[in-house]
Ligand SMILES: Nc1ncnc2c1ncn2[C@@H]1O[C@H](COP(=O)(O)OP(=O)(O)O)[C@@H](O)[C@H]1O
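One chain follows as structure tokens, the form predicted alone.
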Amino acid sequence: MLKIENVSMDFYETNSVVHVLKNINLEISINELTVIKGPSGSGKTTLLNIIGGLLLPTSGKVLIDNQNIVEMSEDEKAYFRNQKLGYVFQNFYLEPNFTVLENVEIPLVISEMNKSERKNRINLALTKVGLLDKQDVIVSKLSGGEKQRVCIARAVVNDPKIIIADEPTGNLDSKNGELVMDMLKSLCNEDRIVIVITHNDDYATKYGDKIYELKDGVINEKK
């Protein structure tokens, strides 16, 4: 269970304060795909960055297994992100001159896993996304849909409890978008929390078990 309790986020500008998030309360369960949608600038990415320990909220708590990540040290947050979180981004953020295998391997190298176990984890992750046969291909030679599948493999290779996907279909055509959403949906059946930000109402309706709209700093459940 992921619980967000009374989270607010303010950004300070010259002679003014922007209230990006206003007293957000949310409970997100395993085995459900949770969609957060809303207009640009509504604070969706800010909320995800707070959940991931990348931003410190102005106030409030983020509880994962009853542990408040807001109170963690920077080293504890880094370990938490490596072990408990998997990220999927719209713009991929892959190393273009690395192979598929080398990109997926990065979180495992950071966690100092031995080479034999790394190989087993990578094979499992690439099999899951149907790219085992392309493990030695340079990422820059892949299609957009294939790159996003590499991102999903990299996100799951450490077997995290939480997958965060920020506009994962934003740079994909409809066929590859649905393929990526199918994969994210399937991860919900592995006792994970999966959170997806999307502007695509069709994907939200088709794949979301819970749908929330974030607007003017306030979140409301739509489904």
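The numbering used is simple: start at 1 and walk along the sequence shown. Small disclaimer: the values here were computed from a predicted structure and weren't measured.
Another form, the form predicted together with the ligand, is not on view; read the next lines as being about it.
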Item to check | the ligand contact at Thr34 in the model of the complex, heavy atom, 4.5 Å | outcome: no
Next on the checklist: So in the model of the complex, is the ligand close enough to Asn68 to count as touching (4.5 Å, heavy atoms)?
Outcome noted: no
Item to check | Contact of Ser40 with the ligand in the model of the complex (heavy atom, 4.5 Å) | outcome: yes
Next on the checklist: Under a 4.5 Å heavy atom criterion, is Thr45 part of the interface with the ligand in the model of the complex?
Outcome noted: yes
Checklist entry - With the partner removed from view, which of 183 to 191, 170 to 178, 151 to 159, 45 to 53 is the stretch that lies within 4.5 Å of the ligand in the model of the complex, judged by heavy atom distances? => result 45 to 53
